[in-house]
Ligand code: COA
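One chain comes next, on its own, written as structure tokens: the form predicted alone.
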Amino acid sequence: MVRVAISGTGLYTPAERISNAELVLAYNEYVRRHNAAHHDAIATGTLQPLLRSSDEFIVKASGIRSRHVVCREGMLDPEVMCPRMPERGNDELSLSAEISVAAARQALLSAHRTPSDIDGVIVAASILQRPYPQIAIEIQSALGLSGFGFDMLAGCSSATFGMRAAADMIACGHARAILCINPEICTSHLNLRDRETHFIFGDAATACVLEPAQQADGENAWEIVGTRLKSVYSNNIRNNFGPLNRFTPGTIGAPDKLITQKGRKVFKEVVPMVAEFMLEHLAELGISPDALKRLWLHQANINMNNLIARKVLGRDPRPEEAPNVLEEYGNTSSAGCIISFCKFSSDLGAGDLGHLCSFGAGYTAGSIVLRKLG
């Protein structure tokens, strides 16, 4: 089997940002208006008042201080609380494809590759702009690639699931190199009127070039030592949006058509599952956790990440060992662990080992152990 490497990475960061303070101001104004409009029902106890949010609550619960978004307009308006931007025509590049192409071009440059070197595009994300034509094929066309492209969904683990598929195809000789892209427009399914989730998500797109390790010549190339995937069915993170919603028109605007989650249950169930999953994978590969120089974890929640890192390493992680990007980016679903990898991997030396791990809705988890080439 051919050894496979991540030979280049790319990151698209939207220019617009929203701070916790801005988000809280808009949310609390919505709460004030809602509670005032339902004053009588709240007074008689037939309706519970909505609770205010705060910057302090958000930072303590998640570690998030701000987020990048593809469109601020509408998000901070208490009467709208949803991004508002014009729909593009069918002859225009879609928003998902646009941010993907930007990340992909960076990844190609990082890998010292051109579109003619790439045989396939895999777009993997928690939610996609449309079902067809597939975003991956649109990107393939925009970049001028031959070969193939397809989309896949695996929640917050989409990046690692996509890379596993790409690595297997390359190892078997079915492709010379593959672009794995994660366009996460998470604000599209964010409920800004839900106190438990209104602050969680931001937008970003990441891309990785995968190719045989022996031909990888990027300055920050990493050989894939091993991959492992896991899924366990759970309703604790769910989004019921889909084309079948039109069968029951009365529920199209219901809260469950955006992301819903039972945060405490997710924390309690996912942390031990992921830590055990990572340790089992390392044991299969004969690698001690002490040998790891870095953990690039899914950027969901700083408390989850710290606890998972502590369980894997057997001690409190140093900040540089398990870096987080939550303060700036928030939760960007599958892109989060790749953002962490993009920003915090080039400082390591040849032969150093790192562990890339995603986890989220499904539940899903993906583990990729990497060794720095040099």
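Residue numbers run from 1 along the displayed sequence. All of these numbers come straight from a predicted model, not from anything done at the bench.
Same protein, other form: the form predicted in complex with the ligand, not shown, and the subject of what follows.
Figure note: of the listed segments 130-138, 75-83, 298-306, 109-117, the one touching the ligand in the model of the complex, with heavy atoms no more than 4.5 Å away, is 298-306. The ligand is not shown here, and in the model of the complex it never comes within 4.5 Å of any heavy atom of residue 10. Though the partner is left out of this view, residue 263 does reach within 4.5 Å of the ligand in the model of the complex, counting heavy atoms only. Interface membership of residue 196, defined by any non-hydrogen atom within 4.5 Å of the ligand in the model of the complex, is confirmed. Proximity of residue 324 to the ligand in the model of the complex: non-hydrogen atoms within 4.5 Å are absent; the residue sits far from the partner. The single contact residue among 345, 53, 35, 66, judged by any heavy atom lying within 4.5 Å of the ligand in the model of the complex, is 53. Out of the listed residues 156, 121, 124, 205, 156 is the one that sits within 4.5 Å of the ligand in the model of the complex by at least one heavy atom. Contacts between stretch 351-374 and the ligand, counted in the model of the complex as any heavy atom lying within 4.5 Å, involve 359, 360, listed in sequence order.
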